[in-house]
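Just the one chain here, the form predicted on its own, laid out as structure tokens.
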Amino acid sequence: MLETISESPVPVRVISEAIGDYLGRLGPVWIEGELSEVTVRPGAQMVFMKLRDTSADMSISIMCHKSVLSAVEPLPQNARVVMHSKVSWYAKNGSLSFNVKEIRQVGIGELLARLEALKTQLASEGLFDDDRKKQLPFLPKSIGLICGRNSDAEKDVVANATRRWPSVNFEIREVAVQGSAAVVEVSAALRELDANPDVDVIVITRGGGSFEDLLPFSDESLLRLVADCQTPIVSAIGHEKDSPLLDLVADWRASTPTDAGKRVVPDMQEELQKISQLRERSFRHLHNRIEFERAKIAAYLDRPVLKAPHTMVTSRFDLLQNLRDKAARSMGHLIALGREDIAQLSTSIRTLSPQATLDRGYSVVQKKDGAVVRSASEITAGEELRVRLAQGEANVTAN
């Protein structure tokens, strides 16, 4: 470690040489990125290029001999490559570069294998599950649209949505939709629109393209950002046959940009027709209900009780008269039966009364205390007794 103090600084060359020594320890490395800005100067043996990161706004300068680039030519524009290089530090002018010894183009088969592995990983984490997908709003206040600059996809979404709902409002963000800058610019626009409270749904769209052109929409960092968004996301990438992983993570997959324009807003004519049909159904229902109630009232008016209301009184009067007569007869009969019972009881009482016995010539002998004498042994000589007769009573003395 180089130590310096303000009283004893080191020259520039020492610092530059120290940087070169430190970087020299890195050794050869394999780097993957997207190749751009290839500069071939006439008569020069070295080729200068930029290698950009596919998921971040970052690039490094590289150089290689013409023969190294010729070994893999022709390369498509923005080709994804793997390079074997060694960092070089030029102490004289303080510049850094990577000297490339070998370049390999990343084949479609390898990219497909990576995408399949990423697809499996994201599926295991639940990012494709239906229960985490958000419902699209019926009529959004504003639609966020992320698309290419002056692209046909933008025109298709806007035209179809406006045709269905003329007053629809868009928040449009035009970005790069292919190449190394696509992921960075799409992600930045997505964060901005997701933070806007007026945006109720976001459409990410671009037209069709090659497999390599659509790779940014299968980038892991972009997919995880889409999964974390609070606003519903519609993926409208390419055509029906195109299937970037964004289609699986998004809340709704539109087959084309035109389909996206139809998905995000309702058709005003269809809604007006539904309203008209509902109005007609409501009118018919209300009309039928009124007619039904009117028929019920007419049926009530045709009933005898309403045509001749006094019938209720007269019929009840006859019934009450019959009940009163029946009650009177029943009460008279009960009184007669009661009188007969009283007469019978009176006769029985008179027959069983002691007075009746006395009337037949018998008498009752009582002592002074009123006790009835039933046996001669109960009487002593000279005892005063009272004898009750049928007519009055007499005092006697026993012998």
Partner chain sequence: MAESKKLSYEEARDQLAEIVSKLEGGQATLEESLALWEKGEALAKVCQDWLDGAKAKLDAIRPTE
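What we label the rigid core is the largest C-alpha set whose atoms superpose within 1.5 Å from one form to the other. Numbering follows the first chain given and starts at 1. None of the values given here were measured: they were computed from a predicted structure.
Although not depicted, the form predicted together with the partner chain is the subject of the following passage.
Comparing 176-184, 133-141, 308-316, 204-212 against the partner chain in the predicted bound form, the single stretch with non-hydrogen atoms within 4.5 angstroms of it is 308-316. Note on the partner interface in the predicted bound form: the residue among Arg104, His239, Arg303, Lys326 having a heavy atom within 4.5 angstroms of the partner chain is Arg303. A heavy atom within 4.5 Å of the partner chain in the predicted bound form is found for exactly one of Ile297, Leu320, Ile108, Leu272: Ile297.
Remark: Arg284 counts among the residues lining the partner chain in the predicted bound form, judged by a heavy atom distance of 4.5 Å or less. Under a 4.5 angstroms non-hydrogen atom cutoff, the partner chain in the predicted bound form has Arg289 among its neighbouring residues. Glu293 belongs to the set of residues with a heavy atom inside 4.5 Å of the partner chain in the predicted bound form. When contacts are judged by a 4.5 Å heavy atom cut-off, Glu73 does not count as touching the partner chain in the predicted bound form. Once you line up the core between the shown form and the other one, the Cα of Phe211 stays within less than 2 Å of where it was. A movement of the C-alpha atom of Glu116 falling short of 2 angstroms is seen between the shown form and the other one when the two forms are aligned on their rigid core. Leu301 shows a C-alpha shift of 2 Å or greater between the shown form and the other one [criterion: core-superposed Cα displacement of 2 Å].
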